[in-house]
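Listed next as structure tokens is one chain, alone, in the form predicted on its own.
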Amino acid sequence: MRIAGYLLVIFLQLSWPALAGIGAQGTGEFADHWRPDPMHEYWDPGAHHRPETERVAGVFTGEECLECHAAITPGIVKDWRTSRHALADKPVLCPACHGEDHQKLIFPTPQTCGACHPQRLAQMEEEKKYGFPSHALAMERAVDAKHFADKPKAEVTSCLQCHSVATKCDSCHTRHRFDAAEARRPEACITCHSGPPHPDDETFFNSAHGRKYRLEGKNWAWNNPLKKGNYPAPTCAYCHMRDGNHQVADKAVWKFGIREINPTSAENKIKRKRWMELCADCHPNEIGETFFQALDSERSTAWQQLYNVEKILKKLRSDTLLSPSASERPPYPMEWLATVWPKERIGFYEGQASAFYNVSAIERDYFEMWYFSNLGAYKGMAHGAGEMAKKFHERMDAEARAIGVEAERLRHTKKEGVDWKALWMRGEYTEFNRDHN
């Protein structure tokens, strides 16, 4: 009887999303399980933009577009008139990017821009060979995640405001100026690279480079290319997009701090060499060597501590002391195996469920130690903000102690008779989302 019940659960787990997704027009690995909202045509225009066919019909020249839109959307026209597109010897007019048939208009994609800027498009596409994380794979990273199809749309669509960097160029070059000088400034990057998961803004601005930028940057010549000698101190774009290269993952020696990497592999030796060459624009070689020694030492310390804490949680799991347990809370999304064999997920190699789903308090504490404090420590050291790295390591120390104390409490406290299933498996969040994605 139990086996029959499991088979029924498996059938429903597999068939419900497919049935619920009939008529959906999502993208990614779980395209049939979610429906795009109207904003998706701006975040991923190549997949979701649908031309307006009911209002204006006709084929128009660029001059006619400008005449009309000067009244309808004057800000767009004003931006375009100050752009290099407008000031070129042969101006790049509206039809070059949007088409001339008003009922077949497009929103530009990187491929659209690549028709005139093939080198930049090729550089961005090349980034994919390094895997995640990267700009070129950002959208794929989002829509191929199971939680993207499982969680409330209001939560996951907000992710695309940054992950759409893979599917449109105006994440960095705001339309319709597409100004390279604007994209070179740190503010263009920290629009997305900020907050607990990636505190690049906080760590950069606390470095010597960042402090110099904040004092003097408003007077720098941002129209200059990202070449040696053009800037008094490096910024995000100078280091990660040297010479304007749109390949930003070619120096990420520690996978941005979220996983342990062998620093002596062939790939990482090449990345380190690139990084050292960059530092040599301003510093003697021994400065770069000292920097990497400090960075490697910081990473070794961080991962040793993370693995020690991870062992504590895994021991609690094996002793069935995590509460609520995986069997008492909603299963990880769209995984039938999690329904019949629930298991707590701890650490990088078992998945990042703690980022997106209900977990016990101690699991979440470890996740925040690994994903927030650990990243802050790495980013601080990588950006030359040693004091910031020290601050985040002090936070990790405090979090490790607190997790140890909580683990002892769980081990010596009688398990409470709380009906976690009634509390976690029902309610507006779980039940509403099951039927309205």
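Everything numeric here is computed off the predicted structure, so don't read it as measured data. Just so we're on the same page, rigid core means the largest C-alpha set that superposes within 1.5 Å between forms. Just count from 1 along the sequence shown to find any residue number.
Heads up, the form predicted together with a small molecule isn't pictured, but that's what we're talking about next.
For the marked spot (326, 373 and 418), a heavy atom within 4.5 Å of the small molecule in the predicted complex is absent from each of the three residues. Picking from 301 to 309, 139 to 147, 316 to 324, 334 to 342 the stretch near the small molecule in the predicted complex, with a 4.5 Å limit on heavy atoms, gives 139 to 147. The partner is absent here; in the predicted complex, the one residue of 161, 297, 265, 103 having a heavy atom within 4.5 Å of the small molecule is 161. None of 31, 47, 400, 65 but one reaches within 4.5 angstroms of the small molecule in the predicted complex through a heavy atom, and that residue is 65.
With a 4.5 Å cutoff on heavy atoms, residue 260 does not count as touching the small molecule in the predicted complex; it lies far away. Contact check for residue 405: every heavy atom lies farther than 4.5 Å from the small molecule in the predicted complex. Residue 391 falls outside the set of residues with a heavy atom inside 4.5 Å of the small molecule in the predicted complex. Among heavy atoms of residue 293, none comes within 4.5 Å of the small molecule in the predicted complex. Once the rigid core is used as the reference frame, the Cα position of residue 145 differs between this form and the one not shown by 2 Å or more.
Core-superposed comparison between this form and the one not shown: CA of residue 402 displaced by less than 2 Å.
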